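Only one chain comes next, encoded as structure tokens, the form predicted alone.
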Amino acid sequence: MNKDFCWWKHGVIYHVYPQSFYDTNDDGIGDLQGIIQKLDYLANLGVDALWLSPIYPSPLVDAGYDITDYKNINSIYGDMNDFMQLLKAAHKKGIRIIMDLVLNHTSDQHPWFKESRSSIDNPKRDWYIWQAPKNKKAPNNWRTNFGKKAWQYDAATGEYYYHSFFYEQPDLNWRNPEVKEAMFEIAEFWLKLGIDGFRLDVINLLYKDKKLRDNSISNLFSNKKKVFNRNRGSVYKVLREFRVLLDKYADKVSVGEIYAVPPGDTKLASSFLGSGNDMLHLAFDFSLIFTRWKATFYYKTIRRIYSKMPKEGWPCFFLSNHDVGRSTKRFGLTFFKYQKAKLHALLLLTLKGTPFIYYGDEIGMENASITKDQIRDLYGKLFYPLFKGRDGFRTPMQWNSNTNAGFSNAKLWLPVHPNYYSINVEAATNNENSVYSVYKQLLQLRKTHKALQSGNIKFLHEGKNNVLAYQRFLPSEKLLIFLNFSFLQKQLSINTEGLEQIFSTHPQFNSIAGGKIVLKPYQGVVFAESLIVRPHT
């Protein structure tokens, strides 16, 4: 494999939330056959891989991140035959499949945990983190990621077990070598079937302090300060071993979720890449999601991400996901939201790094408002009305203006956004000025211009005057990208000799005028630069 050019570095990965993508059996829930039926849409859009949120058997306490069987398919999505059909059909179209793998915890209904809790001397007791009461109380002061007590008392054996999330999701004890062996064997099971990699859920939580020491009392609710139940050094060792496993198979990828609060801990995220060749292939850094709408802020965030990369490391970028919501209307994006969505698309798809697109972002889908009686997400049920949960980020894909947005003929597991009459795939694909049109053009541009896939990046304008500009370049090709984050027209005095406009979010407007670059409000432009002209200043 050519380490300097491989699919996971230079392709575009599309995140499918299976429950909400497309329903083919009229039960109101998306399924694997639905993804198969929409492969032509995805291939036509131009994506290179699909990351599937968990599709394993699960009680769905936490959207499938509570797994009862790691080697099978949840019946609401289909069965293993459906999965193999999807894998084969996707590969035939040149689309890779990335599975979501939860290594940190299982469901409390998993056979392993049922055995573990059956008795103190059960052989699988040490597969989970059990501890006797301390002065008739929990073993320490650790909290879950949402601030609740993280130890659950189990009356049957008179001990507590630890859970980073809900009590129905007990954490595995990775200090037990049998756990690692079992999980690596599961990974190999899917690799042998032919999948193309894994997205590793909350991978930085894998190990906890061996002595179970208390976290600082003043920082019990700060994820950044939970030093004894996350980000332990042992995770790095096991990820190196996991990389060795993956490298036994050609062209596989590992993507780690490294969520830190407050966001912006870029050094932490990049540390899980190791040297760039020996741990994770890609690590999710949430900084860009939480960057406010201003060119200087984006510049500083992106430069910080690049500066923390190991020499051989490769960045990745995303603007939306199933846990933090869609970028449309976030942080001041309410006004001119679709113009800003187009500019976001240009930023995402022209930076140096692997882009991840959350399903529906390519047509401008928005977070939906979910009423109390419609809430499925346990976070919403626990914290309503302060937080209504994540359901509004996960509503069904809007395919057309028909009933239920063309997603299903049945009662839906979640309601569709009311704007589906106008914001849908059918309308978007027939509108050359839609958000979809911008995504599709940019994806084609990436395939046509290798500088956007593997070229280096140099910033030409650092966000001053609310304009961001950078160059993507190879010895054989140079492209210039300009993004106007302002509601005002901007004019830049830059040498325009030899520049050819090859893309614009405002295609009807020529941005080269009078030897200057002129940008309309919220306009983004890509220029090809002749290699014979003098350097830009």
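Here the structure is a predicted model, which is why all the values come from computation and not from measurement. Just count from 1 along the sequence shown to find any residue number.
Omitted from view is the form predicted together with a small molecule, to which the following refers.
Chemist: Is there a heavy atom of residue 251 no more than 4.5 Å from a heavy atom of the small molecule in the model of the complex?
Modeler: Residue 251: no, not in contact with the small molecule in the model of the complex.
Chemist: Check whether residue 169 has any heavy atom within 4.5 Å of a heavy atom of the small molecule in the model of the complex, and answer yes or no.
Modeler: Judged by the heavy-atom cut-off of 4.5 Å, residue 169 is in contact with the small molecule in the model of the complex.
Chemist: Please check if residue 260 has a heavy atom lying within 4.5 Å of any heavy atom of the small molecule in the model of the complex.
Modeler: No, residue 260 stays farther than 4.5 Å from the small molecule in the model of the complex.
Chemist: Is there any non-hydrogen atom of residue 358 lying within 4.5 Å of the small molecule in the model of the complex?
Modeler: Because no heavy atom of residue 358 falls inside 4.5 Å of the small molecule in the model of the complex, the answer is no.
Chemist: May I ask whether 338, 482 and 520 each come within 4.5 Å of the small molecule in the model of the complex, counting any non-hydrogen atom?
Modeler: Checked in the model of the complex: no contact with the small molecule for any of the three.
Chemist: At 4.5 Å between heavy atoms, only one of the stretches 73-81, 441-449, 322-330, 111-119 reaches the small molecule in the model of the complex; which one is it?
Modeler: Single hit among the candidates: 322-330.
Chemist: Let me know the one among 138, 427, 202, 316 whose heavy atoms come within 4.5 Å of the small molecule in the model of the complex, would you?
Modeler: Selected option: 202.
Chemist: Which one of 165, 242, 413, 198 is close to the small molecule in the model of the complex, taking close to mean a heavy atom within 4.5 Å?
Modeler: Exactly one residue meets the criterion: 165.
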